[in-house]
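Presented below, as structure tokens, is a lone chain in the form predicted on its own.
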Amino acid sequence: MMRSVLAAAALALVPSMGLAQTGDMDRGETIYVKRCLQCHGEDGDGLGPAAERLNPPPRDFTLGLYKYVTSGFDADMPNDADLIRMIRDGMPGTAMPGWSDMLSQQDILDVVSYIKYFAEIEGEPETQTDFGTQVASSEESIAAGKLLFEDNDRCTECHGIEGKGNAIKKLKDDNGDRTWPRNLTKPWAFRASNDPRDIFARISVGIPTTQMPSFADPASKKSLSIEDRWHVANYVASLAKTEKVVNPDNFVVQGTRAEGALPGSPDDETWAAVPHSTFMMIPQIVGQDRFFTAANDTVTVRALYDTERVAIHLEWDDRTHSIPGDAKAASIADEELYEDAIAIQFPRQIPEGMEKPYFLMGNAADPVNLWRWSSGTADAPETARIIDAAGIGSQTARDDSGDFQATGSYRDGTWRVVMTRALETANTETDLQFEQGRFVPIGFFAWDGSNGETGTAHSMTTWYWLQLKPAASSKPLIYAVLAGLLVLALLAWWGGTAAARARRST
């Protein structure tokens, strides 16, 4: 129930970390009801109307437990500054937005004072995180951090040898909700930034209510000194991807003419030199049944072609190698375990203009081709097939997918798949026919089997473009030389006629 009467009688709480302003709980309640109640609930218990569709679930303010704090690992409350920051900046990778564009600093202080009242938090934390003297990032510090990260599976047990969060055990928080280790190579998904100081705080405090422990706790067998924690923080910061990241201005996959044979293996070194495009993936929340908690968030795409075939290379991070029928895979997965899978979507015909089929697997008027690869099970190998789709609920897998082929490879938390098909097929009515230089709509769908994803439960992209860039030709150079010779010939003719006129005039 609302706490207007009680809140009016309580004293406003003074934000810590040197903030002089205080919050007004009455105003905070008004703002909370308008902005926060839908997720966090009328009583602040995280059971708002939207809660069941959010992953991770909204914070339960009545417990007074917060994940991303700078108070000491043994403190029983956060700093006000921690709460202010979460409200102001939001939490990437969750449904919690930043409110700095809608709420003033005083508004945020008022909301902080109100949500603290749910757990009757008063005063300030008794202990703070000791940051000591920050160790500057360097090759030596990063190398030392890597050793500490891997030592006795201190961090790799959950985050994996390359930090991609490829867990080897199933994790749950204190409420029994499934949690996934952070993919440390994706800093945009960090809840509180990948600045080394923020990473140091996470290592020192842990993430309360989850299985991320404090490495500042002297009672822990894996505790680290302040200096060692800075080394680990520097190493974690160094894992951030700098190339395979989403660029909003890049919406074209540039297909390159292969100089030799098309690489059939997804791990072939040839792919490293091929231009790539990385696209954001979102949960499928458009068609029934909607799915709000997809695991895959990006896919990186490359394309090569020769005179006869096109090959498309797909790469995406996946914390788990989903193998139905495998006991180890089942121990990590949610209740239902399915195959991992990915699909490329093409229209049947290259559109003459900008109009494309409906992005969610087409419709009856404009059906699409799906090139789908599935990872296989303990008893069956991977599969590759072409599916004719006329909407999310209308899909027919072909009995004969022609010469379409696909093969995948999973290593250290990353799937790589190569799909190949002839540029032209005999089925001109039902198959896309590729043409050099033409822009072809292309889209993607992905399923994480360990996250219970199958059928309409998946992640997806909108339409982008694929262009098979024409091979470099000598014709432009020949035309330029011919044009130059023509100009020279005209100059010579003009000079000759001018001299003749001069002789006649004398």
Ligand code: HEC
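Numbering starts at 1 and runs along the sequence shown. Everything numeric in this text was worked out from a predicted model, so none of it was measured. For clarity, a rigid core is taken as the largest C-alpha set superposing within 1.5 Å between two forms.
Another form, the form predicted together with the named molecule, is not on view; read the next lines as being about it.
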Contact at F61, T94 and V236 by the named molecule in the predicted bound form, all three, heavy atom at most 4.5 Å: yes
Look at the stretches 353-361, 338-346, 405-413, 155-163 and give the one with heavy atoms within 4.5 Å of the named molecule in the predicted bound form. 155-163
I need to confirm a contact call. Of T425, S193, S331, S138, which residue comes within 4.5 Å of the named molecule in the predicted bound form, counting heavy atoms only? S193
What is the one choice in I392, M281, V310, I207 with a heavy atom within 4.5 Å of the named molecule in the predicted bound form? I207
G255: heavy atom within 4.5 Å of the named molecule in the predicted bound form? no
Is there a non-hydrogen atom of L103 within 4.5 angstroms of a non-hydrogen atom of the named molecule in the predicted bound form? yes
Quick check on Q38: any heavy atom within 4.5 Å of the named molecule in the predicted bound form? yes
Non-hydrogen atom contact L54 with the named molecule in the predicted bound form at 4.5 angstroms: yes
Quick one: name the residues from 97-115 with any non-hydrogen atom within 4.5 angstroms of the named molecule in the predicted bound form. P97, W99, L103, V111, I115
Once you line up the core, how about V440: does its CA shift reach 2 Å between this form and the one not shown? no
Superposing on the rigid core, does the Cα of N55 end up 2 Å or more away between this form and the one not shown? yes
Core-superposed C-alpha of Q38 shifting 2 Å or more between this form and the one not shown: yes
